[in-house]
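Shown here is one chain on its own, the form predicted on its own, set out as structure tokens.
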Amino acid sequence: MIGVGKMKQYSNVLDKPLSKGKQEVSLTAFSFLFSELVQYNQTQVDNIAELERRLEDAGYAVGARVLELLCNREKGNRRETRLLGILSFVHSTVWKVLFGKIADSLEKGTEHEDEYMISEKELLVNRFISIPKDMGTFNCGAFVAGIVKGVLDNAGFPAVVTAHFVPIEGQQRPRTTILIKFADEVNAYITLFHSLFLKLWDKTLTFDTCSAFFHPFCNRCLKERHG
């Protein structure tokens, strides 16, 4: 006789732990569902730009929910507050949860300081897509760009995120690059923080009143920590 162990009872569904559950879904089922999503939105628009915008909006909702789930499950409800930290989070953790692997590459733009690129040689949403000639450079990667934007915006790092095809020499299919351009307020924050750090290093910065932002630089707190 096989005994059955007692299961803990929860009075409220919100009290139940976030179980990881099954980590994979059928690729066939996803391909069919995504194809229906693209075809439906195609009937609602008049041009390629509008179609990509609708796919981005659909992806944005997914990104917001993925961030909420992962912050609760993986980070104990803590969110990343560093620029490189959130980029690494998207490139590795988010990508692995959604696509079963980390992204092929994460690079900083060479022409603009506020641009970063996540690249995939064969992005899942473009793998089985055959684009008609009359649709030009239509890129289903707009859906993934929306996911990335949803994660970044809701994590406090607003950005413009777009998907682009990049030809690769010797390969028939181009790779997909997700281009991230952070908003001015993010760049201003980074510049200010860097400036404050340099001033602190030169010992010319004085803050006698602590705040959440300036806590690492507050003289009173520094004296308490270092005597």
Partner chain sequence: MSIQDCGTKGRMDTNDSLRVASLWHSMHAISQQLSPVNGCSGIELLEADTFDLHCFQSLPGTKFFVVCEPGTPHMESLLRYIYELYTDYVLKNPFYEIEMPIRCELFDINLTQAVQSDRVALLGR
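Residue numbers count along the first chain shown, from 1. Predicted, not measured: the structure shown is a model, and the values here were computed from it.
Just so you know, the form predicted together with the partner chain exists too; it's not on screen, but the next bit is about it.
Contact between C140 and the partner chain in the predicted complex is found at the 4.5 Å heavy atom cutoff. Interface membership of R173, defined by any non-hydrogen atom within 4.5 Å of the partner chain in the predicted complex, is confirmed.
Using a 4.5 angstroms threshold between heavy atoms, R127 counts as touching the partner chain in the predicted complex. In the predicted complex, the partner chain sits beyond 4.5 Å of every heavy atom of G136. Stretch 25 to 33 is the answer when you ask which of 178 to 186, 154 to 162, 25 to 33, 62 to 70 has residues with heavy atoms within 4.5 Å of the partner chain in the predicted complex.
Contact with the partner chain in the predicted complex, defined as a heavy atom within 4.5 Å, holds for exactly one of I131, I102, L98, L84, namely I131. Residues of 34 to 72 placing a heavy atom within 4.5 Å of the partner chain in the predicted complex, in sequence order: S35, V38, Q39, Q42.
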